[in-house]
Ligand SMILES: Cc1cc2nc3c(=O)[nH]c(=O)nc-3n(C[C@H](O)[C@H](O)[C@H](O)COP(=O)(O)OP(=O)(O)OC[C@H]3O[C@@H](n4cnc5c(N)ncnc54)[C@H](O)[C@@H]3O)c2cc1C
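In the block that follows, a single chain appears as structure tokens, in the form predicted alone.
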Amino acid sequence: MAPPAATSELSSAPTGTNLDVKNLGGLKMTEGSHAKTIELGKDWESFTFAPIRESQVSRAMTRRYFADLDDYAESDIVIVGAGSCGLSTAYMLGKQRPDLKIAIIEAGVAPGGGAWLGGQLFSAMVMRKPADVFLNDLGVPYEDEGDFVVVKHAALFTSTLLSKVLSFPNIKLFNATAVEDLITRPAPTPTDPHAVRIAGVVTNWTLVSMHHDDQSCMDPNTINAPLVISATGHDGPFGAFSVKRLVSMQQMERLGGMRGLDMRTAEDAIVKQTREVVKGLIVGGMEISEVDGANRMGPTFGAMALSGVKAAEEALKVIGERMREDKEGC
């Protein structure tokens, strides 16, 4: 038999309610008309949590995860990479189109990419104007230094952005999950009879992907989507994955390769060149630098945020047409 439900819950109390204070072990529960909040108490000896069985914990996690796998197997948009660009893209799309089902695939356990620190092991995050307008939209405070602004800790930006993205009911983040391949459909043109359009992603848990060479074959999973937005960063173990795959499947002759650091040219180029590279695949962030041979920008993050804004705008321009093509070519 299942244990009784918890007799109390901790949450924020609404303002303007009549409050009573009760003790729960070492916690003083301030009870309003709709919720209860927590205050420090003195008596921890009698404290106890509500009862639970271990199986309840397991079922609570697995039931929701597999329901999400089932629900998002058919998505409207897949975003590959939950770094600063991918999360910014998701944030803008979540605000503009709550009707779209959006899956984010992130190879790492911790989303955020390189945006948890400003650069090297330094915590402050620099953004050149006009990226400050994105911070204003998020509600992240900063110091104004004239042509650029400084967030006191990069983790403040990243955690705020991540929390807002995860609060959208139409967006699901699958972290610790790698994209192993792209789903394609034939889309020949007069100049290229072998052209394809991207119709989704092939996924696997990251730890499985990392051990294909020393374990027997472990087949992947898939997510169908008429539009994929890739923001996996510059070349690395999981970086620039989608565009490198375009080269290997002969949809792109070669990559331009990221050039040396030049902040003055790099950030403009990354934002301006964010675009649909082949049908069904928009590329943004530092991944686009590998396509075009753009410079890297180093520890300044304005281009990452505004490339996400541009990617979202590009997605809204093409999503209807890609949906139609996806239904016709399924």
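Note that the coordinates shown come from a computational prediction; the quantities given were computed from them, not determined experimentally. Note that residue numbering begins at 1 and tracks the sequence as displayed.
The following text describes the form predicted together with the named molecule, which does not appear among the structures shown.
Undergrad: Would you confirm whether the three residues Glu106, Phe238 and Gly285 all fall within 4.5 Å of the named molecule in the predicted bound form, going by non-hydrogen atoms?
TA: Answer is yes for this spot.
Undergrad: Heavy atoms, 4.5 Å, the named molecule in the predicted bound form: which of 183-191, 217-225, 78-86, 142-150 makes the cut? Say which one.
TA: Careful reading of the contacts points to 78-86.
Undergrad: Just checking whether His234 would be counted as a contact of the named molecule in the predicted bound form - the rule being heavy atoms within 4.5 angstroms.
TA: Yes - in the predicted bound form, heavy atoms of His234 and the named molecule come within 4.5 Å of each other.
Undergrad: Tell me, yes or no, whether Leu281 is in contact with the named molecule in the predicted bound form, where a contact means a heavy atom of each within 4.5 Å.
TA: Contact check for Leu281: no, nothing within 4.5 Å of the named molecule in the predicted bound form.
Undergrad: So, Met297 and the named molecule: in the predicted bound form, are they within 4.5 Å at any heavy atom pair?
TA: So Met297 counts as contacting the named molecule.
Undergrad: Please tell me whether any heavy atom belonging to Val179 falls inside 4.5 Å of a heavy atom of the named molecule, as the geometry stands in the predicted bound form.
TA: Contact with the named molecule, yes.
Undergrad: Tell me, which of Leu156, Met258, Leu173, Val126 has a heavy atom within 4.5 angstroms of the named molecule in the predicted bound form?
TA: Contact with the named molecule in the predicted bound form is made by Met258 alone.
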